[in-house]
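Quick heads-up: it's one chain on its own, the form predicted on its own, in structure tokens.
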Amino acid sequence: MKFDTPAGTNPIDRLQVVGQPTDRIDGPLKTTGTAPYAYERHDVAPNQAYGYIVGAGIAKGRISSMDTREAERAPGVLAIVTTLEHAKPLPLGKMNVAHLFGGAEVAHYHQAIALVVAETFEQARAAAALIRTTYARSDGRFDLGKAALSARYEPIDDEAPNPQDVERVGDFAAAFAKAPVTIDQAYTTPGESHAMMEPFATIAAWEGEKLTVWTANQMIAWSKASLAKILSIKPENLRIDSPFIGGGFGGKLFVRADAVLAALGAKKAGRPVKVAMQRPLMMNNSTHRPATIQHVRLGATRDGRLTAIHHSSTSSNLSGGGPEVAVQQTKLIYAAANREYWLKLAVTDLPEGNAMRAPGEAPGLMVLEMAMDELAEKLAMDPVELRIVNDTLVDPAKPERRFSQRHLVECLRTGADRFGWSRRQAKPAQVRDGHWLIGMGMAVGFRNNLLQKSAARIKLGRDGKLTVETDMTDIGTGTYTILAQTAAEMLGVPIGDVVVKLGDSDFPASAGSGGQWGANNSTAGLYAACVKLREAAAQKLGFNARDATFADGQVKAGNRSLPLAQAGPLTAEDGIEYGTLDKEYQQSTFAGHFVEVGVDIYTGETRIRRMLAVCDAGRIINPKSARSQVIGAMTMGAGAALMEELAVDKRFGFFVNHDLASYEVPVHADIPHQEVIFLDYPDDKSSPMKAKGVGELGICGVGAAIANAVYNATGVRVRDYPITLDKHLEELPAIA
């Protein structure tokens, strides 16, 4: 189905099932521990052996030798695969920056250099400790601050017809020089880890030339193409199966070493092999959100209208990687006639930087929205009103291009009213509750709506039950449920009569889970398949498809009605393809974030007391699971603001806190009750579902809202995230 004109009235608009707060149909499997995650697929292949990954002990250099003789003699060992068996690295996956295996060169710490396969996990781990590796260490670049001195400009938008290293609209320098009120500040955000609960894990089994991997991966079609390329096998000889994923946050968008090594180990051992990347390798072996050094300059009139915006960011990556696109949202979020943006990449030898939940906007808004708070204070203007004054309904660089829907002002007004923003004291450090300094902060959230092709297959059985098949994945986001809701709405059956099967590369290729595009696109792809099934069922039952309605398990037209089941068995397959609506209209999502914190005047400890997000994201397909998405994102934003930081050993080039004991993330005690409000504005330019993504919007801006609340509580502005107590303790107000 080609979606190239705005959606008219369609069966989804009945909202009998879609749009209703619905329990997740996979919930019982998750809560009883019976959902089959990758490492637990004990039944998919007989006689599974265990693999244990050995990571490089240096960050830069070459492997001189590997002595595996003692390990090979260890009890239970079946095979050992080493990187030196390959004269050169295995081919790069389509979206990998560093080679996942092979060759003597070491590009980063904990790069996989061997896999030990044994009868038990304990035997594999013990034998891995017996491998003796010698290295020729090279000097590496591990300090972003130093590397930034020689950083190079990078295009902000690689997909633009004529990508530029520096984007300018109007004359920023002249406008900034003339502005009566200005902000000119530098900010930093640290590297962050996805820190998902489920590690990278794979079971691999060969049958002749055919390989099946049961793995944890967000993007099945991407990863099938990449893994086939890395292993130099035909794509038709590879099957990937990933029905349940225990968290990803972007870390599982791409093939990782576990899948490659499980396949190599299974080939060498001659039997299925299962590999779970051990937690100490997770941070360094895989990807992370890169640290940034950002600079924001704002010029405004005395009534708060922005006349000049500059936002630049420098981040690090391996050679061949890209920068963190932290300035993207600044191009669209506020009106200003004169604008300037650039990105720089500082090449380092730290592990690969790549996508993490809301790449670009999450760290970019942590900075931009703090700068806006600083501007509001300098203007003696309410921070909410400053944002409202600078709202725009068009792309500031292309005024002829309107937003398809934009209700940011309503987000802010609604949030301010619900949160009691009028009670905020503009002057910092004025409100106390016992030994707590109390402050309120707010920020805008923004994330683009991204459109991706997506397909699905739907089957109608003789019993009237529906089966949905698509390689779409569920990373804890509720995909099973929203697809079941879509099919139930389109065919007029109870949601309990829909079975959803996901994550198998033998199914039609979907959009996958990433970029907050999964829900809208995958349901739109299924919508297209359902339209075909409706047409086939109506025709088989002797109805004109245009006149037929599907409800209560019946197909009706005029005064005739027949059970849908009588049309079975039928199968329909189709997908959604998009025209140019996303080029004609800017499609984005918006939020207003409001936070109240308390800061202990004695210790500097920060506690979040209240959080509210008001979201404008088109039609919400399942308000219950969408709320879970947003509060989870708000929680991640709290971690980014107050505690998360990958600590770099700048001598030896690795992340020191590479486990869940020393990499701090929020726990239940850190997070209060969170309130989420969804505005109801279906977007007919987005898809037949009239929905947009919401899974990443919740993290966009919330970090700055927390930072601004901390400032309002204490009067101490910390521009280097995370805002830990040591950064403001000495400057807190006097105790008495």
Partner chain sequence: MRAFTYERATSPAQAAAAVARQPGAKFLAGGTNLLDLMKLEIETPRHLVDVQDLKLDTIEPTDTGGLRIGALVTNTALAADPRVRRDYGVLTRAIVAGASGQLRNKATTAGNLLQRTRCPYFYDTNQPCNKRKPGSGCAALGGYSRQLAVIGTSEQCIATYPGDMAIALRVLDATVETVAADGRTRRIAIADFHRLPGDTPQRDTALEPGELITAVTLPKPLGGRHVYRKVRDRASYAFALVSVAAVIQRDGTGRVAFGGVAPKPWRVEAAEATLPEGARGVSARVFADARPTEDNRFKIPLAERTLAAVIAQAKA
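Positions refer to the first chain, counted from 1. Only a predicted model underlies this, so the values are computations on that prediction, with no experimental measurement involved.
As for the form predicted in complex with its partner chain, it is not shown, yet the points below apply to it.
Screening Leu318, Val169, Met643, Leu84 for any heavy atom within 4.5 Å of its partner chain in the model of the complex leaves a single hit, Met643. The partner is absent here; in the model of the complex, the one residue of Ser150, Ser422, Thr603, Asn544 having a heavy atom within 4.5 Å of its partner chain is Thr603.
Of the candidate stretches 623 to 631, 263 to 271, 651 to 659, 534 to 542, only 651 to 659 has residues with heavy atoms within 4.5 Å of its partner chain in the model of the complex. Interface membership of Arg413, defined by any non-hydrogen atom within 4.5 Å of its partner chain in the model of the complex, is ruled out. Pro280 belongs to the set of residues with a heavy atom inside 4.5 Å of its partner chain in the model of the complex. In the model of the complex, none of the heavy atoms of Arg256 sits within 4.5 Å of a heavy atom of its partner chain.
Not displayed here, its partner chain is approached by Pro733 to within 4.5 Å at the level of heavy atoms in the model of the complex.
Residues are counted as partner-facing when one of their heavy atoms sits within 4.5 Å of its partner chain in the model of the complex; in 51 to 72 these are Ala56, Gly57, in sequence order.
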